[in-house]
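The chain below stands alone and is given as structure tokens, in the form predicted alone.
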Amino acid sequence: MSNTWVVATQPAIGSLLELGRARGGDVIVVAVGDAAAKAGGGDRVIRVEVAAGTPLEAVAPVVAAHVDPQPGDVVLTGSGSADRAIAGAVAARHGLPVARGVNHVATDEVRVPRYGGIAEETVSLEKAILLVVDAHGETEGEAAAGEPAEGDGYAATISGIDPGTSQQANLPAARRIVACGRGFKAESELQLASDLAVSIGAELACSRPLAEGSGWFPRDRYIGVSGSRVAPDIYLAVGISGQVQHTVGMKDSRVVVAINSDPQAPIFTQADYGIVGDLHEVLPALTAALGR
């Protein structure tokens, strides 16, 4: 029976463990740094210690040496920057194909979106594969003592830290999301969306242009084909046109509410409820009504 390897640099890997358990076989966690102290729920845990002042990415060769995927195995890792860097080392060492944004993981196959989510490819697991998946959720059970990993990483140290001004988002775990698009013409207007998000206990997110074009949002709040994929209970799309590059990231939302001044905007074809109107009028009205 094939096994699942979970490479973790942070403890919130409940969703990865759930995927592994659903496949059957053993779930082997290779936990890096602080994640090792909280990695519960795996059948086996390999601990990769990281010295103080050393970036997590520096132990990539150690992780790669202790992951031993066999034909049919799946290697799962999160989508954080350190996860992706270490995943690259694992894939390179073992010659693994890499896929992101997987829709379905089974014992013998995975389904992967292609062409921005327009098509879906079924990949047979005759060989091992590495999947980059948005990780979230707490683990269950006590953290295993684990096996210490041996080996040397790169001789790298952290010389300085420049923290961001915004709190890092975990959009895949959010149950309510207010997402902003190019309907916002000035950064100051985002306060309207922020007020609404606070009133309903939602995370604030955006489409790609506001993260990589305007720079109004950090990249971890961008939803779309190369950003986060989410499935909240409620998704409010404000000023978002609804191009497939964005909708592929939110199509699994339970309820979608679209707010746009253009009645022909494609986002309305994805919405359960639509409001045609000026966001400067609609958002304050919703905030006042829903925040009571």
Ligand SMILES: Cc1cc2nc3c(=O)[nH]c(=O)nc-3n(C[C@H](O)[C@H](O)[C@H](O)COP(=O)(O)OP(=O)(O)OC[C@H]3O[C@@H](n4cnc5c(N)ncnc54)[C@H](O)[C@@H]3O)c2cc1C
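For every residue, the number given is its place in the sequence shown, counted from 1. Because the structure is a prediction, the values reported are computed rather than measured.
This protein has a second form, the form predicted in complex with the ligand, left out of what is shown; the following refers to that one.
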Heavy atom within 4.5 Å of the ligand in the predicted bound form, from candidates Gly41, Pro232, Pro69, Gly227, belongs to Gly227
Any idea which of 190-198, 121-129, 69-77, 203-211 reaches within 4.5 Å of the ligand in the predicted bound form, heavy atoms considered?
203-211
Does any heavy atom of Leu279 come within 4.5 Å of a heavy atom of the ligand in the predicted bound form?
yes
Can you work out whether Gln245 and the ligand are in contact in the predicted bound form, taking contact to mean some heavy atom pair no more than 4.5 Å apart?
yes
Does Ser253 make contact with the ligand in the predicted bound form, using a 4.5 Å heavy atom cut-off?
no
Hey, in the predicted bound form, does Asp262 get a heavy atom within 4.5 angstroms of the ligand?
yes
Though the partner is not shown here, which residues of 175-211 have a heavy atom within 4.5 Å of the ligand in the predicted bound form?
Gly181, Arg182, Gly183, Lys185, Ser207, Arg208, Pro209
